[in-house]
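Coming up is one lone chain in structure tokens, specifically the form predicted on its own.
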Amino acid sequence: MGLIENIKEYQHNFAGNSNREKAYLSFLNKGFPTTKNEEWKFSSLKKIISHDFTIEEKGLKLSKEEIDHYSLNFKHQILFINGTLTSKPNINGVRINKYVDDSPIFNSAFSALNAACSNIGYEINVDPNTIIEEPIEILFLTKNSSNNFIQYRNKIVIGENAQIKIVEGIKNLSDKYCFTNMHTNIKLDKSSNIEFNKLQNNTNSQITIDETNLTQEKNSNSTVNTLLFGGMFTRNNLNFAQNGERCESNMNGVVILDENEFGDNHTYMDHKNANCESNELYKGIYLGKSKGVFNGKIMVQPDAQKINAFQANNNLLISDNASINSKPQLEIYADDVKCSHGCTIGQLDENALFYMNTRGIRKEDARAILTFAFASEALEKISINKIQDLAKKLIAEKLKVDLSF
């Protein structure tokens, strides 16, 4: 039958809710994006949406052992099991609740669909002057008896002079497809700070569309680290808007995919005000028949004088059958700025490999060491040691080499 027919059958759930009906009609008008859309030129959904999906399936029971296995065991944890918020921490100065958006804003097919269908997610409010040293782990676990289409809509508001760190993970524990449509809005008040770590180490049964929108006020600082280490299909849309002066925005990404995995990172940095900074570094490593897409756009508005914007996308093709499409973009309407962007696509340095071989290092280990060194620059931006160590371990596993880092 296909996903769009499944969604039409679900529409009776929107009856009587004008916001949901409006969002649903907007989605029907747009339809799922196709490769004719420039933003989706290299990201085809055709095969995915041809499958039948149950919308908001209740899911199968998870054992304590399964939950513990996929948890990173941080002190503070928000846990969703099959779409239900099952546990949340008590933290002084932080309010955490289930979130339902009563006045959703949507500007794309997937954000409209999320606004129409979602009735689950989290809301985090951090009081002004609150500093949370321990990261908050947010874990979404699903286990399905049939293909499942699930929506989460989340909100984070960080008060003035507050600081917080977050680690987010999604895991599908069954061999049935789980199609997750995630939408998260983050608002940083004056002089606030967030480090948001997205850990996407998924199986070939996980399909993810993840949109994260950050708005920043004066003197705020944000960092988003995206670690994409697996998944049948992953599309990340990451959008920053600097609404005040002296904001800093940082985007770091490490992508390492194998077999037929697909990963697409779209970023948008909107410089609206003067004396701001943005730094973006994405490293991609592609093995097997994996495919990657990177599209990063920096927009410098007329009032954004004296800004400093940096963007780089560097990629390694380890296999002859792997591919990457990279499109860095820079649009400037101010005249007193420092901006740079660029991308590289290549293979490992054969001279470096030969040198390491002559020093007694096996070819497989030499390739892994050079590949890890290539990715490490982006990993160094992560302030949470446990996440750094896990990323290193996952890279070694992906390369099928047992290395001690």
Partner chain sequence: MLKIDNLKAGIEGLEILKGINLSVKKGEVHAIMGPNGSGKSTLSSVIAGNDNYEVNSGSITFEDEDLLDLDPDQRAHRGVFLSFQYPVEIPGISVSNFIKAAITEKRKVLGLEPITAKDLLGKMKEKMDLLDMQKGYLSRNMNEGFSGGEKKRNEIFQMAMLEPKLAILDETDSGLDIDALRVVANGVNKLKNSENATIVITHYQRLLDYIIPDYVHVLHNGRIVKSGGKELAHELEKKGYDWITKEADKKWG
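Positions refer to the first chain, counted from 1. Because the structure is predicted, anything quoted here is derived from the model rather than measured.
Another form, the form predicted together with the partner chain, is not on view; read the next lines as being about it.
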### Query
Looking at C339, M356, L28, L348, which is the one with a non-hydrogen atom within 4.5 Å of the partner chain in the predicted complex?
M356
### Query
Tell me, which of I48, L62, L379, L370 has a heavy atom within 4.5 angstroms of the partner chain in the predicted complex?
L370
### Task
Specify the contacting stretch among 32 to 40, 54 to 62, 340 to 348, 357 to 365, defined as having any heavy atom within 4.5 Å of the partner chain in the predicted complex.
357 to 365
